[in-house]
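First, one chain by itself: the form predicted alone, in C-alpha cells.
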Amino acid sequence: MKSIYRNSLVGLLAFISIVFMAADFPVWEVPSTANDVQNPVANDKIAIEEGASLFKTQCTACHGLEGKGNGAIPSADLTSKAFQDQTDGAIFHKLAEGRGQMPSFKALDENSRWKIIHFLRTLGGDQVQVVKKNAKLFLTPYDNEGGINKIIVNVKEQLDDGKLVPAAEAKVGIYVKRYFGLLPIGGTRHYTDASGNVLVDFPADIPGDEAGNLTLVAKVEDLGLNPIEVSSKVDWGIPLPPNNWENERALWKTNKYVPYWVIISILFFTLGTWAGIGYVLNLIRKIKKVGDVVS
C-alpha cells in the first residue's frame, strides 16, 4: 500500500512539473517582419569564431557548452531540428526581446548578435564536424629599451607530411598570467596575417612581482586548429614592494609572528584552566578530609 501511495505521489509531482514547464514555455510567436530579416553579417570563419567566443561568455551558463540546454538553468536545445529550422531573423528577434528566464541581449551590439547566430548554425545535428589541424605556436617577446615592448606570436599549420606553413587568419589569444586567471593583452581578437604573425604592443602599466617579472601566455583559439599554448617570462612589469606577509603577525600563523593578543589570551586561558582544576582538586581534598573526621 505504501508503494502505491509513493508511486502516485511521484506521478503527481511529475505531472505538475510538466504542467508548469508548459506554462513557462508557451509557443514563442515571432512577428513576420522580424522573421524575414536576413543576417547582414558575412558568414565567414572570423564571424563564426567571434560568435563562438560570445556564446561561451553569454550563453553557456544556461544552454551548456554544446548548446544542448543542459546548463545551470534548463533551457532550449540549440542543436535540435526545431530550433535550427527557425530563420536567422526569428532567432535575432528572440535574442533581442528575451522571455521568462532568458534575458534580453539588447546590450550586445547587433553585429555581435548576428555573429552568435552564425555560430549557432554550426551546432545543428546535420552539420559536418570540422577536422581540426595540428599547429605550432611560437611566442617571441621583444624587449625595446626606452620604448614600447612588443610581442610577436607566430602560428604555423602542420601539413600531413610534417611540413610547417604559415597559418593565415588563425585566431590567437595573448595574455598575462595572473593569480586567478589570464589578463588579455591588446584586446580579445587577434588574427594572424599572411605570414602567420600577430604583433601586439605590451602595456607599460601591468604590475609584476618584486622584480617586475611576468609570464606571457599565447594560445591558439582557432576553430580549425587544435588548441595549443606556450608561455614566456619577461621583466616588463611594474615592480611591487616586497611582500612581507610571511613576516607579519596574522591569526593563522603558527610561528613567532602570532599576534601578541593571541599569545596573551592563550596564556590566560591556560592559567585559568589550571587554576580551575586546582580549585576543584582542593575542594575534593577538603570534602575527603571532612569525611574522614566524621567517620
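Computed from a prediction, not measured in an experiment: that's the story for all the values here. For every residue, the number given is its place in the sequence shown, counted from 1.
Form predicted together with a small molecule: not shown, discussed below.
Enquirer: Check K94 for me: does it contact the small molecule in the predicted complex (non-hydrogen atoms, 4.5 angstroms)?
Expert: Because a heavy atom of K94 falls inside 4.5 Å of the small molecule in the predicted complex, the answer is yes.
Enquirer: Does any heavy atom of I73 come within 4.5 Å of a heavy atom of the small molecule in the predicted complex?
Expert: Looking in the predicted complex, residue contacts with the small molecule include I73, since a heavy atom lies within 4.5 Å.
Enquirer: Might F105 be said to contact the small molecule in the predicted complex, defining contact as any heavy atom within 4.5 Å?
Expert: Answer yes; at least one heavy atom of F105 falls within 4.5 Å of the small molecule in the predicted complex.
Enquirer: Closest heavy atom of A167 to the small molecule in the predicted complex, within 4.5 Å or not?
Expert: A167: no contact with the small molecule in the predicted complex.
Enquirer: Among the candidate stretches 73-81, 132-140, 194-202, 217-225, which one is within 4.5 Å of the small molecule in the predicted complex when only heavy atoms are counted?
Expert: Heavy-atom contact with the partner occurs in 73-81.
Enquirer: Identify whether the small molecule in the predicted complex is within 4.5 Å of every residue in the set I151, T188 and W236, based on non-hydrogen atoms.
Expert: No.
Enquirer: Go through A52, V41, C62, I46 and name the one with a heavy atom inside 4.5 Å of the small molecule in the predicted complex.
Expert: The residue from A52, V41, C62, I46 that makes the contact is C62.
Enquirer: Heavy atom within 4.5 Å of the small molecule in the predicted complex: which of Y257, W28, W261, F269 fits that? Just give me the one.
Expert: Checked against the cut-off, the match is W28.
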